[in-house]
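Shown here is one chain on its own, the form predicted on its own, set out as structure tokens.
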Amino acid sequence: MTIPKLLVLGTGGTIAGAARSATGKSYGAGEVAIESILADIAKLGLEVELEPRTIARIGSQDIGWKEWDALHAAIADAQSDDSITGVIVTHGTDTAEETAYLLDLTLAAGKPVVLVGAMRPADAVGADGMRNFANAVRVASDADAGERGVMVVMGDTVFAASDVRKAATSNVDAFRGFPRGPIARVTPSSLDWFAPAHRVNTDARYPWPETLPRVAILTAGAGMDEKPVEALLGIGCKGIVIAGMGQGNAPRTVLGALEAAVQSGVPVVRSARVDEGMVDRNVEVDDDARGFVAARALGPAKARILLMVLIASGITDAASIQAAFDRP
């Protein structure tokens, strides 16, 4: 039997964190080298070959273009390397949904790509990183894992990149999926898919950009005025995502300022600050008249990622942007 070979790209995060106290709250993200993590994993006796490569050793709140560009290049190379079965990316949980979605939009379907993290550092009581990583190995080396796009494995659960979000600050089961829930359940010894692969023989939706434009998320609040919108335009934002109330609503003065932004050539996407739900067109806000885009199932973080990729691809008119957000 051929042993699967997985490329493991380390970026840091809590899974590579060192606790200040085994029972305390504070820790340093990314302080443990990926080689040390894999040395501990080797003790589990998993039938897999793991090839480590360090991309970064940071908390995921600091991840950005440099790390994304390196990750994309490494994964693209691995997809064309016949010796590599799949890819695992160790990643902080704060922005895992953004990295996973960006990669999913810009990589062709094929070999499994799995992001994995932890809610507790490795030396804390009840650490979850070792089990999560063993689960990621199970997924990335499974014969049926390909053609499913980028996935996130956390808490014995597998999520598609387009659905996953972090819904709690520190719970071990902090991740949820919307509009779909989990696509599989996994343990170190079992894996149960809930549906067939959904990206069979699909190319990347968008090319990898040379850079990403500045797009801001603005959270709406009661009593808010138009000044924050004007400030974002003043620093050169090329797009704005409004994390609105309810179904993506905002005070009239804010909507007026956002409409002016659209008229000046800056796309505006209405998302919602609530935990989950659809933001539909023309409910309380007249999107047709104002030129806005409704984020549909995407929360603010992923709506920003998609808008950045669209603008980088030269797609800036509201109708074309809406079509991209409407796409499953």
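In this text, residue numbers run from 1 along the sequence as written. Nothing here was measured: the structure is a model prediction, and the numbers come from that model.
Below: the form predicted in complex with a small molecule, not depicted.
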| message | Contact with the small molecule in the predicted bound form for T93, defined as at least one heavy atom pair within 4.5 Å: yes or no? | response | yes
| K166 near the small molecule in the predicted bound form, any heavy atom under 4.5 Å? | yes
| Contact label in the predicted bound form: G59 to the small molecule, heavy atom within 4.5 Å | yes
| task | State yes or no: in the predicted bound form, is some non-hydrogen atom of A118 no more than 4.5 angstroms from a non-hydrogen atom of the small molecule? | result | yes
| Out of 207 to 215, 232 to 240, 143 to 151, 118 to 126, where are the residues with a heavy atom within 4.5 Å of the small molecule in the predicted bound form? | 118 to 126
| request: Scan A29, V268, A295, V285 and let me know which has any heavy atom within 4.5 Å of the small molecule in the predicted bound form. | output: A29
